[in-house]
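Below sits a lone chain in structure tokens, taken as the form predicted alone.
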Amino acid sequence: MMNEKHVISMLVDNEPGVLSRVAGLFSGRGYNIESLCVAETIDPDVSRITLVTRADPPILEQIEKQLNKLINVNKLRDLSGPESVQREMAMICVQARANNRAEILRIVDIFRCKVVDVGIEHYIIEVTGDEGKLMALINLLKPMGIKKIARTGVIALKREPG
């Protein structure tokens, strides 16, 4: 069976060492974390860890059971399906010479991005969206010369009813 991508969201105690224990659980069992995002919630004592991993259902179940055993994990949820909203942010530094500046700005407009920095021969573009949108933008900018990229990884929230 093919490993499916899963977005796991955890509410954890906002204390030193919690992230290390979560990451250690993955590395100790040979599971890979494809992306990881951690930030404080509205409650300063609680952080949300959002991570992406690939696993088939029995392995995912094992991962979730092991994570739930960690003392500092208060709530865990798989947010992989349509019941969640997922986004990722990226900043892309692209070569912007006189001959391609207008084309880059058209692409930025089409993708509803923002140019957040302008240099003599570069733009830094900020984009937010799902993985498909980010990959489509990256593929259009590649021929122009992407210098560097920084991505946040996926963040997600469960949809509210109604």
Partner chain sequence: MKLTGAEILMKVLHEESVDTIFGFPGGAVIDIYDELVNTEINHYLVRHEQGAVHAADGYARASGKVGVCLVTSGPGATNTVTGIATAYMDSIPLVIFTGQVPTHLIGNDAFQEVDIVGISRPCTKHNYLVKRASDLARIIREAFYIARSGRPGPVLVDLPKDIMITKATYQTAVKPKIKSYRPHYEPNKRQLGKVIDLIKKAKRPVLFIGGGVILSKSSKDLTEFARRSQIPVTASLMGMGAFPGTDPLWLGMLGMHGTYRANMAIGASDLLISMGVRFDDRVTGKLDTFAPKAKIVHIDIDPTSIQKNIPVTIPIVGDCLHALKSLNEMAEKNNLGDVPRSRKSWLSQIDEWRSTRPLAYKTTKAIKPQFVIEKLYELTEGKAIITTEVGQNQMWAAQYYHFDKPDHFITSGGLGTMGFGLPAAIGAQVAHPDQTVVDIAGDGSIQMNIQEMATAMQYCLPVKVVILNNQYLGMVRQWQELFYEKRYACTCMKSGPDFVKLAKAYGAGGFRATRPDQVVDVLKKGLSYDGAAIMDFRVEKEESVYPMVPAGAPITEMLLV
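Numbering follows the first chain given and starts at 1. In this text the structure is predicted, and so the values were computed from the model without any measurement.
The next section is about a form of this same protein that is not shown, the form predicted together with the partner chain.
Residue Q66 is the only one of Q66, S47, T53, N100 with a heavy atom lying within 4.5 Å of the partner chain in the model of the complex. Note that among 133-141, 54-62, 106-114, 92-100, the stretch whose heavy atoms approach the partner chain to within 4.5 Å in the model of the complex is 54-62. In the model of the complex, no heavy atom of K148 sits within 4.5 Å of the partner chain. Among residues of the shown chain, S84 is not one whose heavy atoms approach the partner chain to within 4.5 Å in the model of the complex. At a distance threshold of 4.5 angstroms between non-hydrogen atoms, N72 is in contact with the partner chain in the model of the complex.
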